[in-house]
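Take a look at this one chain, the form predicted on its own, written out in structure tokens.
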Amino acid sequence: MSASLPKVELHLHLEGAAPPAFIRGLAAEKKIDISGIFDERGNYAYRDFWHFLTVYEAATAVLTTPEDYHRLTLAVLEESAASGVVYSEAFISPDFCGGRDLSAWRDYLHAIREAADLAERRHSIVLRGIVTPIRHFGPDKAKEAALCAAETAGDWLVGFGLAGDEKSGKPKDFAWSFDAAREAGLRLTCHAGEWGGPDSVRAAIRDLRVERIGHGVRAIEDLALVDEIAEAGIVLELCPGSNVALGLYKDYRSHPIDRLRERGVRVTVSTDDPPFFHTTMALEYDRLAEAFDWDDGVFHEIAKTSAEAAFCTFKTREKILKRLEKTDA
């Protein structure tokens, strides 16, 4: 049922969406031993969020050429399309794509865009990119990533964000990078309120002036902040399966997505790093329907909110909204 509903995903890490078999195959081709990051069933294995970051970066280490990212993008978009995703925004980092060298970054970006165009022809899924420096790599490297973003901003590269270890530094440490991205015309989001509490969300909104927050679930611990988010129209990129898999909440019923929605917050649903968390967009819909008794009308509303919050051009957004309306009977 849920796979047939058209979906819009706003919070997806390109490398984190790599199927384990894809990474194992690429490692074997290159004779790189990364067997330690998988369990006996061949799935990614990690103990907690911080170990997850280590495993993530180990998996990403086998992606060393633009061609690797071309193949990765095709694999990821095929998986997303199978879940009914019609539009996706993926976090892409110059840290992993060419070491923040602008010339190399352009080559990686070209390969990713070529794959995205091919996937759109094959699977009718549209991809756009959000440049995302890695928070725990520090503000100076984020500045280099922001310069890469500013030089390549346009109709395809549409946003700028910040990911990684939320406990590393403060949002204001990255204000220069966000200002540079904003001046280049990029729309802004930031991971916050996952491992940091409500104050991390408040700081991201205040110091980086973002219009979306990645995760943001811990805002529920401060209802005054929830009301501020709702009143400002700030969109939360919620990833319930990720939060449950990493132990932030014990199960879907405990997740605050329904409470946030009922309090007027504009909520969206995404998978974050789907193979790491044993999820897909179709599974997210199924599990949320079971947990909160949501019907197709609720999911259509969430998909529409997601399309309206997308960082793409007006023309692209109108096309996506029309695809959603076809199932609005």
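Since we're looking at a predicted model, the values are computed, not measured. Just count from 1 along the sequence shown to find any residue number.
Here the subject shifts to the form predicted in complex with ligand ADE, a form of this protein not shown in this document.
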Taking ligand ADE as it sits in the predicted complex and superposing it onto this form, judged by whether 3 or more of its atoms come within 2.4 Å of backbone or C-beta atoms, we find the site open
Among 119 to 127, 254 to 262, 180 to 188, 158 to 166, the region lying within 4.5 Å of ligand ADE in the predicted complex by heavy atom distance: 158 to 166
Is there a heavy atom of Tyr56 no more than 4.5 Å from a heavy atom of ligand ADE in the predicted complex? yes
Does any heavy atom of Asp273 come within 4.5 Å of a heavy atom of ligand ADE in the predicted complex? yes
Would Glu194 show up as a contact with ligand ADE in the predicted complex if we use heavy atoms at 4.5 Å? yes
Ser93 within 4.5 Å of ligand ADE in the predicted complex, heavy atoms: no
In the predicted complex, the one of Phe292, Phe38, Phe52, Phe299 near ligand ADE [non-hydrogen atom within 4.5 angstroms]: Phe52
Contacting member of Ser242, Thr73, Ser200, Ser83, with respect to ligand ADE in the predicted complex [4.5 Å, heavy atom]: Ser242
Between 6 to 20 and ligand ADE in the predicted complex, list the residues on our side with a heavy atom within 4.5 Å. His13
